[in-house]
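First comes one chain, alone, set out as structure tokens in the form predicted alone.
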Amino acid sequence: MRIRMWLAGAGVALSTLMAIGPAAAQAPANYKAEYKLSLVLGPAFPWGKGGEIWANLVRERTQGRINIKLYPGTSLVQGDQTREFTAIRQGVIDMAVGSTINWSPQIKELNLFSLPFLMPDYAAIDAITQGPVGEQIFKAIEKGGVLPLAWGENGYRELSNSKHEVKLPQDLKGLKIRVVGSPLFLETFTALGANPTQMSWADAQPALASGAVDGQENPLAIFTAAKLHTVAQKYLTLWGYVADPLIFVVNRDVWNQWTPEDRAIVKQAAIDAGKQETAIARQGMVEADRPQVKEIGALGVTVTQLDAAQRDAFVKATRPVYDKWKKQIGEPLVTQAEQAIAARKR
């Protein structure tokens, strides 16, 4: 009986191998056995989930010709998020789902999304990424040596700290706030009277736990997944000062090695994964009762939602930074983005 069962199992295994073998064997000789996909965050976060979805869709749709392995924590560049774009361009990294913030030192146009209080709602983000402005930004990335395929989203970056409620700019005075390695972020928080401290995400959580920094700014999905309430982040301000779209990209040489058919598959998979990832990133915030906010409040966190007057105080305090960077990014591009936002459908 056991022999018959084993033979039956072996038959199924053989049939499976015969089914997938020819498809896998069709991969051209210049294809890599594995392609490295860089991520800052793993699949426990919407960001990493987007990379996982992309990898799975590509593997399935190419029938195993293109296999992608995830490398979260920007481990391919020793955790230095700001080096990721250069590593993709140089071929150290094959593919990535990356942050507009982290890549802004190399592509100045990406600083558009970090202009304080430019995008007041999700419709504003979509007005930029899904229109002519988004197309121009993709052209700038491609000119920078990396091929962009699709948009995703990390989300609106909200402010948390361990000291007290933040309702007005003066409440930030002297607070040590962890920020990413972007001059625009440093200038924005300096203008608000805070003490911005640049560090990678890998270093941020221990710094919050030890009190080396008082606070941080990140999307709420990261706040909950990383359990930031356990590292003294007891005060959360919903101010929506910037949002961070993600971009699905491929190294140019890798792209050129693939057949036209596989390129089309990889691109469509990126578009599909980007849409799914964006929906995951917005989950809990687009519903009328915003369940994600309620979930955080239930953890003992004091959640502060700015009213129009309070938000306007932050807008005025950061306006000099906005105006300075509008010129550095390129006034025509920023003006076009402002016009797209003003004309958006809500």
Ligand code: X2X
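Just count from 1 along the sequence shown to find any residue number. This one's a predicted model, so the numbers in the text were calculated from it and none came from an experiment.
The protein also exists as the form predicted in complex with the ligand; that form is not presented, and the subsequent description refers to it.
Would you classify Ile68 as touching the ligand in the predicted complex, given a 4.5 Å non-hydrogen atom cut-off? Outside the cut-off, so no.
Does any part of Asp244 reach within 4.5 Å of the ligand in the predicted complex? Heavy atoms only, please. Within the cut-off, so yes.
Does at least one non-hydrogen atom of Leu37 fall within 4.5 angstroms of the ligand in the predicted complex? Close contact is absent here: in the predicted complex, Leu37 is far from the ligand, nothing within 4.5 Å, heavy atoms only.
Using the partner position in the predicted complex, report whether Phe223 sits within 4.5 Å of the ligand, counting heavy atoms only. Answer no; every heavy atom of Phe223 is more than 4.5 Å from the ligand in the predicted complex.
Listed residue that, although the ligand is not shown, lies within 4.5 Å of it in the predicted complex (heavy atoms), from Ile93, Ile101, Val166, Ala273: None of the others qualify; the residue that does is Ile101.
Of these, Lys176, Arg83, Arg157, Lys267, which has a heavy atom no more than 4.5 Å from the ligand in the predicted complex? It is Arg157.
Tell me which of 315-323, 280-288, 55-63, 37-45 has residues with heavy atoms within 4.5 angstroms of the ligand in the predicted complex? One stretch meets the cut-off, namely 37-45.
Any residue of 178-216 that, in the predicted complex, places a heavy atom within 4.5 Å of the ligand: In sequence order, Arg178, Val180, Trp201 come within 4.5 Å of the partner.
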